[in-house]
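Starting off, we have a lone chain in the form predicted alone, written out as C-alpha cells.
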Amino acid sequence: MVWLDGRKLDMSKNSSGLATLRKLGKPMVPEQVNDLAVLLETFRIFEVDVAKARMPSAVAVSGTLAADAGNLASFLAYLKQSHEPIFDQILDDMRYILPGFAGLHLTPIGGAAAGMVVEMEERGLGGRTPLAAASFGTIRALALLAMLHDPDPPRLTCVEEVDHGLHPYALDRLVERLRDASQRTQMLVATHSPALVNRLRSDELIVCERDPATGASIIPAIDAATVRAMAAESDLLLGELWFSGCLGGVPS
C-alpha cells in the first residue's frame, strides 16, 4: 500500500509503487515522479527465451523487440520492411559468425490472425531450416544482433551473460556491435568470459565483487585508471589479467 495526502491506497504485491502513483494523474502526482517513471519504463532487461524466439510470431510486423525476443520473427520483418540496410547488416554479421549461413526468409502466415515465420538458408543444405530447428547458439546470436541493431532502442539495455552460447570466434563482432549500440543507448552487459574481456578496453570493464565481511556488492572493485596501468605494466590482455586475480572479481 502507499499513503497519499493521509489516504491509504491498496496495491497489488506485483505492482510497482511508482507505476501506481503515475496512474493517479495530476495534480496528485508531481511531474518529477512521472518523468522518473517514464524513464524507468524505457529500461530493458534483455534475456533471450530461445524456445519462444524459435517460434513464429503472433503478429506479422512489430517495431519493438520483446525483452525475451519472443517476437523475433515479427521484429526482423519490421527491420526488413522499414530499415532494410539494418536488416542487411544483421545478415552480414550472421554470415561472419555462423559458418554456412546464407540468408533469412520471412514468410507471413495466415489463419485466425496474421503472423510471421523465419527460415534460414544454409550453404550446402537443400531447402530451408525453420528457426524452430535452429541451434541454441544460432537463435541467441540472431536475437542479440537484432537487439544490438535496434534503430530505436530503450535508454538502457541490460544483458546477463551476453556471450552465452556463442562461439569464441563471434566475440570480435559482438564487441564491435556493442560499441556501435552504445552510441545510441547505454549498454550494461555481464560476462564471466576472459575471452570476451580480452577484447575490451580498460574504460569498458567494470569488475564487481562481494565484500567478504558484509556480503555487499563492490562496484567497481577497481578503478579504470588502475586497470589501465596494470595492463600496461604486465603486458597482459584484460581477460588474462582479470583471470589471474589481480583485478579482483574472482573467488578468493
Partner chain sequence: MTALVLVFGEDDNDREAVCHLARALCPGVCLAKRRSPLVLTKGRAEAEARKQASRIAAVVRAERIRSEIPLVLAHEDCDAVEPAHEALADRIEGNLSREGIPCVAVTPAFEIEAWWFLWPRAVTAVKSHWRDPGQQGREVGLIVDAKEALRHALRKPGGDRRHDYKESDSPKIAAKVGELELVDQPQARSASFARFATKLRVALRDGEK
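Computed from a predicted model, the values in this text were never measured in an experiment. Positions refer to the first chain, counted from 1.
The discussion below concerns the form predicted together with its partner chain, not included here.
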- Which single stretch, out of 46-54, 222-230, 181-189, 66-74, brings residue heavy atoms within 4.5 Å of its partner chain in the model of the complex? 222-230
- All three of L79, E84 and L91 touching its partner chain in the model of the complex at 4.5 Å, heavy atom to heavy atom? no
- Item | Proximity of L241 to its partner chain in the model of the complex, heavy atoms at 4.5 Å | yes
